[in-house]
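The form predicted on its own is given below as one chain in C-alpha cells.
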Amino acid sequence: MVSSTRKLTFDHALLPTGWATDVGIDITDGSIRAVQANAPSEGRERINGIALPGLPNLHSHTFQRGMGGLAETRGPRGDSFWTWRQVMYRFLGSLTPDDVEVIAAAAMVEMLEGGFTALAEFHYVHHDVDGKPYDNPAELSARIAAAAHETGMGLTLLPVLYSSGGFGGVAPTDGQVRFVNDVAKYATLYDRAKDAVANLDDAAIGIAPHSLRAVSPEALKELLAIAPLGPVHIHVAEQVKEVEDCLAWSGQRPVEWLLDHAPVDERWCLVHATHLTPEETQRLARSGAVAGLCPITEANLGDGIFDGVDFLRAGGVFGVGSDSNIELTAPGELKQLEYSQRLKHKARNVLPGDEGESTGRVLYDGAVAGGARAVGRRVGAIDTGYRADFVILDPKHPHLSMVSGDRWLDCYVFTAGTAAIDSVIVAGQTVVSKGRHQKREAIMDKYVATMRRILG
C-alpha cells in the first residue's frame, strides 16, 4: 500500500470522552494518528457535519441480499424460519462465483450508505452447485474479499464449518451440499481464505462453527485448535425448535451446553441467542462474549425477542448485524432492537439503565463497542490508533438541525434514519458522498443484470 496522509477537521465529533467541536484528525495509512478538539483549521480539510465512529456490522450473509422480497408470500400453516430456509436453498442453488461477488458488492454498497463501516461476513457457501469443491476451495471466500476491496468495506471474513444437517450428526440435506466440509477440508479452506484477505489493506479472519446442530462437539474442539486466536462466531438458540432439538440431543439448552462445554470468552460472538433462560442470560453476560443481535432479520423470520434488559443490566456486551440483509440500515437495526424491548415490556426507553440517559446514545455506544470486539479489528472509536472510519451526519437535516449532542443520535436512530447520513469515510477514504456510494452506479448495474438473469 502506498503511504497516504489526510488531515481533517470535523465541526462536531463523538469522541470517547464525549462530544467535541472543531475536531482535528490526522490520518496516516488509514489509521488515526492524532485527535485534537478545538483544533485550528489551517492546513486541514474541513468536513461540515457530525462525525460518529463507524458502526460495525457483526453478522451478515451477503448473498441473501439477492433474496429480498422472495420469501414474503404466505406459506403453509406454521410458516417460519424453517420454511424460509427452503426458499434460501432454492435461491443459492444456481449462484456462480461471479454472482456471489456481484451480490456481495451490492450489499456492501448499501451497508456503507446505511451507516456500517466494517463487516463480519459469516460465509458458509463454499462449493459449486453440485457440492464439489472449486479448484481453489476458498474461491467464494476470495469473491467476498474482492467485493470488500471494490467497495472499501472493512472486512472480517468468517469461513463457516458446516458438517451435519442436525444435532447428533444427522446427514446433510441436498440443500446443504454447498456448505459441507469435514474439519480437515475446512483447515485447507481456512488457510486459503487467509490468503484472500491478506491482499486487503486491513482485514481480519476468524472461524465460525455454524451452529451446534451443524458441528459436533468433537469437530468444535478440533476447529478451535485450528485458530487459537481471533474471532469465533456461532449461531445459537435462534428458534424454539432448535432449543427443543438440542434438549432432546444433549439434555441441555444450546447456550447452556455451549457455556458448559466450550471456552466461551471475549473472542466469541453468540449470534441471535434469542431463547435464553434467566440463568443463561446472566452467564452469557459474565462470559464476556458478544451477543450478536440482528433485530430486523429476527423480526422478519419471527424468531423471537432477545432479553436485552436483563442482559445489559448484568453487564452484557452486544452488537448488531444485518444477517439476511432484508433491509440495510444501521440506525434501523438499533431502532428495531429498542422497539422489540418496548413491545416485550410494554414500556418506553427500555434499554437505558439510568434516568436521563439518551436511548440513542446507549444503543449506539453499545453496538459500536460490541461490534468492534466481534469483528476483531481496531475500529469503533475516534481515537489514536484506531481505523479512520467515520459516519458523518448532515447537520442541516430537518430533524438534526434543531438539536445537539446526544439528541443528534436520538434523531438519527428513531426519526431521520439513513437519510441523515451525508458521507462515510473508511480507512481515511471517502466512500460515500451526499448519501451515495462513489461506485454505486456501476456496481448496481451489474447487480440488476445479475438478478434479472437469476430470477428469469
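Bear in mind that the values here come from a model prediction, so they are computed numbers and not experimental data. Residue numbers run from 1 along the displayed sequence.
Form predicted together with a small molecule: not shown, discussed below.
For the three residues 64, 85 and 89, a heavy atom within 4.5 Å of the small molecule turns up in the predicted bound form in every case.
Residue 210 is the only one of 149, 127, 261, 210 with a heavy atom lying within 4.5 Å of the small molecule in the predicted bound form. With the partner omitted here, the residue from 386, 257, 81, 134 that has a non-hydrogen atom within 4.5 angstroms of the small molecule in the predicted bound form is 81. In the predicted bound form, the small molecule sits within 4.5 Å of a heavy atom of residue 235. Proximity of residue 301 to the small molecule in the predicted bound form falls within the 4.5 Å heavy atom cutoff. Taking the partner from the other structure, the small molecule in the predicted bound form has no heavy atom within 4.5 Å of any heavy atom of residue 121. Interface residue remark: residue 323 is counted as part of the site for the small molecule in the predicted bound form, having a heavy atom within 4.5 Å. The stretch from 210-218, 193-201, 338-346, 313-321 that comes within 4.5 Å of the small molecule in the predicted bound form, counting heavy atoms only, is 210-218.
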